[in-house]
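Below you will find one chain, with nothing else, as structure tokens; this is the form predicted alone, and questions on how it binds or moves follow later.
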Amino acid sequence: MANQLVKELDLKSWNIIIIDENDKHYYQPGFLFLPFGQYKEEDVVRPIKEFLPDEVTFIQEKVKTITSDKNAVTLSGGKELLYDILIIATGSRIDPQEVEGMKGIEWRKSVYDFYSFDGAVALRDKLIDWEGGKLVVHITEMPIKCPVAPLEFSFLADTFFKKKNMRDKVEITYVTPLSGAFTKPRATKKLEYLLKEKHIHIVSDFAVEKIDNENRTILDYSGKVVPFDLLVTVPTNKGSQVIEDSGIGDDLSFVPTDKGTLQSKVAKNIFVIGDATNVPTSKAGSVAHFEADILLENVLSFIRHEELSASFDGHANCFIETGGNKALLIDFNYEHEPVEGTFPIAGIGPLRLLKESRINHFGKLAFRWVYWNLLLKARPIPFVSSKMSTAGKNF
């Protein structure tokens, strides 16, 4: 947004400020590859300032509260900054404390996450000399960042242990609160076939109550018990602490947002992008990128006192690693489920939707370059539009 706004606003009249408590930016899709040694730490982290235009003021400090009726944000040091327009891009965080026993005595011993940088690195170190047993991949509740990532982890684990010649020593179980492998029925059918093919057990409709550290089991409210030797869990995903502290979020601290305009329902001069929103689409990097184009248009319309365009269609585009140097690609929005067809060029591809292929895998790996060099710098992805194209797809 900053890279787009500096090109569109009169910087004699507007001052663009970014506030972030961190000085580093993480390529979060890369956390999936860290545990298996496919990426190193330096592949997924870079200084924030590397991506900011010179015209932007960067303040490295934690935001304590947002006071919408005063048009103000208060920093942790006590300083208050006033704004005319606020764009909330605070993402989401994991909260393992939400589940009894998750952050207990076995945390980072036999219970791990890979949705944080530290967690992914710690899990990598664990897997180096893990001798096998019951590996349980678990989702606490939805929504989560990148809903397919736990499935990808399961598929990559299957390949990882095969390469180590110890797949027969590892029993992989996928535990989900959903009634199937994924949120979309058509994709669920494909993904459940892959789980079966790779001998990965699935336990669905599992509403976790607690984690028993002593007996190494996870229990749900209906009485189901799943034992583990190694638990890789996705804790509850919540909006930023500042959203909760400011009282402007929903029950999970995501900001109520108009799903078409991306204007917040908190105040008209507050807009929201990425995982911080509560819009009913995937919390994924591609979504934030597609949202940015619509959000730019609407911020400029707001400044000109024009009607906002409700044109964001929930477009999401995700590669799903399936192991063995193959991947699926899914493309969907608010209205359409993931469909088969060609992408990004109708009738040509070269990528195929909802079909495993090596080229999709290389597309997944190439996305890291796209992220650092195109997405963050607000450069367009060739042939990929913000709105989902129906051309070349079978509905």
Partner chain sequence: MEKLIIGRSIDVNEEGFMNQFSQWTREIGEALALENNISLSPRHWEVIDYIQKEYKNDSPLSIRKIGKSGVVDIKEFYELFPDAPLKTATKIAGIPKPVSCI
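Numbering follows the first chain given and starts at 1. What you see is a predicted model, and the numbers here were worked out from it, not measured in a lab.
What comes next is about the form predicted in complex with the partner chain, which is not displayed.
With the partner omitted here, the residue from Asp229, Asp125, Glu98, Asp245 that has a non-hydrogen atom within 4.5 angstroms of the partner chain in the predicted bound form is Glu98. Proximity to the partner chain in the predicted bound form, defined as a heavy atom within 4.5 Å, holds among Asp118, Asp84, Asp251, Asp168 only for Asp251. Note that among 108-116, 72-80, 298-306, 279-287, the stretch whose heavy atoms approach the partner chain to within 4.5 Å in the predicted bound form is 279-287. By the criterion of a heavy atom within 4.5 Å, Asp313 is excluded from the residues contacting the partner chain in the predicted bound form. Though the partner is left out of this view, Ser179 does reach within 4.5 Å of the partner chain in the predicted bound form, counting heavy atoms only. By the criterion of a heavy atom within 4.5 Å, Thr236 is counted among the residues contacting the partner chain in the predicted bound form. Although the partner is absent here, Lys184 lies within 4.5 Å of the partner chain in the predicted bound form, judged by heavy atoms. Residues of 341-372 are not found to place any heavy atom within 4.5 Å of the partner chain in the predicted bound form.
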